[in-house]
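Before any questions on how it binds or moves, here is one chain, the form predicted on its own, in structure tokens.
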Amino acid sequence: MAIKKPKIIVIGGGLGGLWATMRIAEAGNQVMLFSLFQVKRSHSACAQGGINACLDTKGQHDSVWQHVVDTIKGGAYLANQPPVKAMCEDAPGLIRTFDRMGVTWSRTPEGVMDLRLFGGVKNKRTCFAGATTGQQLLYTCDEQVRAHEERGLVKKYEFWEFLSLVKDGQGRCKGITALNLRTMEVEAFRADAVVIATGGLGLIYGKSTNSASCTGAAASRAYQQGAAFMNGEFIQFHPTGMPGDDKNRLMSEAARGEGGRIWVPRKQGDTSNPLTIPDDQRWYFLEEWYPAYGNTVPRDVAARAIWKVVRDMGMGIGGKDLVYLDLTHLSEEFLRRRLGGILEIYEKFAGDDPTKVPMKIFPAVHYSMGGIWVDWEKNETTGALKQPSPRNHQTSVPGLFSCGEADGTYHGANRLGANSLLSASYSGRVVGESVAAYVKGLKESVDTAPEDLYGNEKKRQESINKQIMSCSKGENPFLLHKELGDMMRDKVSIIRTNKQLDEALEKLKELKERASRMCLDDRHGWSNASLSYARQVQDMIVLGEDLPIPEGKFAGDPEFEAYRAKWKENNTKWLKTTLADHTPEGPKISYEDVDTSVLPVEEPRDYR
């Protein structure tokens, strides 16, 4: 007999978490939604350019199949293909659902859904709401969740931080412990199932386009308690980041999709006013190297090209790590209407009007394609893999699910622009439906779990906090984080070598030891942000060990012809999913074959 009124915990209030909450609540279940801050401040709000779906309102003969092909190819064929196919097939329906929810999509004068061009594709496929698409989707989903909150099916725990899983003797997830960020008290919460939807890990690199909350600490904590982590080496560097002293800010791919052009002066080290440099003295290198796609090549291709021009050829603006992203040839009215959100960001932090002066940009850490491993094919009865079954998004810890950027399912080695909002929304919906089915089949309620499971884990977490708070002399967590970020950007960047990765791993071992001796200046027991930060630094260092490419793996693309010559040989070795299991000595690496049942891998990626 099924249990009554199951309790489910969703950790993370971004698009993935909100969609999971909606679907779980719609099935009549109780949801506890945990977030580090108000849900509306979740990082999904920072996604600017749009969300992909094949609607073909421009009459370009776009197709769902082409969306599937572009996504698989864009990810270097390293994503398991059935989930990608399912996501692309469901994308148009998701857009229509958002439309019915009230999303204010940008439209043509005729009232038709407008579309823009994004990287790695040749057809306009990206639906958008100006340049604040993520914010509009997030706010709309929050409205839907508030309706369930009013009905008593959802309770929000805003300003709470997930600390650990509570597992029973069989290794099943039975709840969590969490930290009240106001009172700094640890509490344990029972749950029949838990969903981790906590986003990315860009703060491991110190400076990134991510919000300050994107530390990856929640994923790291799940990983340390048995959840396998997949494809940790695949970190996306967005080609058009705005460098800053505090962080890097995203200048959306929509800028290139709407006609923005990337260039550098042909004269090395030129510091002239860019407006005075004639067109024949401007090197539009993406357009020259990749004429078929030009400025809308996939992000990894564009980022490596910029790196080559700046670092290898010394052609950066004034000899610095900068290139121009130029919109000045487009009308100001057009730009303000289509890209107003990012123009305001650039004006505020750079002091220049990008409709009048080209923007200065450089690749910045932006997205983690890898994440917590989730299961699409495990047979729940036999435990065997490669058997047809519902898409359950369950991790390697029974009862623990994951979605959004926190999981690593949909993007392979590189995410296409505007597939992030799609994968977050789609995976959140799949998780919600899967969790609802999972708890419906449970034979006993979590209320029967012994109390000492929760009491013991709560005491363990309290002891960790006490150790950090009572330290009178030790390492400064803020300086440790700065060392971590500086090292990761230097050693584990766009182009990597085995020597750099070995040095990075040695540094991570050192930082891990030092992080065990952290000391806080603030030891007050109320709203102590330093304590939370210190614990996140510890977990970022642990997760950082998963990011370098494992020993012997192909590091960086060689020149195209050499790559083509060795392409099949490299496929035999590296057409794999990397899996990491946590051990006290560091990650234990294993590999799974990539499922290529949808699109056979017949030729190398070529955007020329």
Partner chain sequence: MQEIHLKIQRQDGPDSGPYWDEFKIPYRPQHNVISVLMALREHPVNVKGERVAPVVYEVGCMEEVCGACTMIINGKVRQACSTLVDTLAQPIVLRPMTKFRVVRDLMVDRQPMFDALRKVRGWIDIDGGYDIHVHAPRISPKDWEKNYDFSRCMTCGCCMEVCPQVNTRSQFIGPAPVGQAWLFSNHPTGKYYKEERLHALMGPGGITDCGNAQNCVRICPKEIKLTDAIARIGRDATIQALKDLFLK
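The model shown is predicted, which means the values in this text are computed figures rather than measured ones. Positions refer to the first chain, counted from 1.
Here the subject shifts to the form predicted together with its partner chain, a form of this protein not shown in this document.
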Is D280 near its partner chain? Define near as a heavy atom within 4.5 Å, in the predicted bound form. no
Contact of S35 with its partner chain in the predicted bound form (heavy atom, 4.5 Å): no
Considering only heavy atoms, tell me if E26 and its partner chain come within 4.5 Å of each other in the predicted bound form. yes
Although the partner isn't part of this model, could you tell me whether K58 comes within 4.5 Å of its partner chain in the predicted bound form, counting any heavy atom of the residue? no
Position in contact with its partner chain when the complex is considered in the predicted bound form, options T328, S530, Q500, S493, heavy atoms within 4.5 Å: S530
In the predicted bound form, the residue from S164, Q538, N465, T132 with a non-hydrogen atom within 4.5 Å of its partner chain is T132
Which of these stretches, 507-515, 448-456, 102-110, 297-305, has heavy atoms within 4.5 Å of its partner chain in the predicted bound form? 102-110
In sequence order, the residues of 193-212 that place a heavy atom within 4.5 Å of its partner chain in the predicted bound form are T209, N210, S211, A212
